[in-house]
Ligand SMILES: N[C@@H](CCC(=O)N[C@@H](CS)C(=O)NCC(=O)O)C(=O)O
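In structure tokens, the next block holds one chain alone, the form predicted alone.
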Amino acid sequence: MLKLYVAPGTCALASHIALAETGAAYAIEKLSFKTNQQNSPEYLAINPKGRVPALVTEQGILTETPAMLAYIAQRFPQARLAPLDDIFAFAEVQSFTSYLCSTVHIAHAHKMRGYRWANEESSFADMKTKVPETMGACFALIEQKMLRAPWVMGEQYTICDPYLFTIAQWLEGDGVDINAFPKVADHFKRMSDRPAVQKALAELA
């Protein structure tokens, strides 16, 4: 059985939802960031990066959300979480998840993890004040050029959708009004109604 390490409020929710969508059996292990459990010797033996998510499989341990989402889609093809029979379309899916990971998540992280990029407290404050602008710009691009609707890739629900939903949850805290992006807001509402999303959120509570 697959085992997913998660923490509330993190990007681990995307993989959690994807697993719930498959209908397969899985186990969830919740970490407490308040007690710095992600940096405990026990967890660092699983993921030396000290971050979530981490997915324990029979073949080994996976980290990084785009890789984990692609793995889940390919391991459970019956769930139809990616266009696995179309090489280009699958690459488009991976392009979107990579953008969320490498650009949007990083923009968000500048709000509370400036120490990763600078040493001076004044630099941290400057990065934090920039977050509404950078996150707003990221979601404007998603709204205008990337979200095809009704789902990210159009008519087919894919692994892109739980990932977008997960990061869209952070907008309010980042000082960005989701309603400024009607397609994103509609996507968020429809995702909130999905049983797999409700199941994953309940398992985190």
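Residue indices: 1-based, along the sequence shown. Computed from a prediction, not measured in an experiment: that's the story for all the values here.
Keep in mind that the form predicted together with this ligand is not shown, yet the notes after this line are about it.
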Counting only heavy atoms and a 4.5 Å cutoff, which of 154-162, 31-39, 141-149, 173-181 contacts this ligand in the model of the complex? 31-39
Decide if the three candidate residues Arg51, Cys101 and His105 all line this ligand in the model of the complex, where lining means a heavy atom within 4.5 Å. yes
As a check of understanding, the residue in Arg80, Arg75, Arg113, Lys130 with any heavy atom within 4.5 Å of this ligand in the model of the complex should be identified as Arg113
So, Ala20 and this ligand: in the model of the complex, are they within 4.5 Å at any heavy atom pair? no
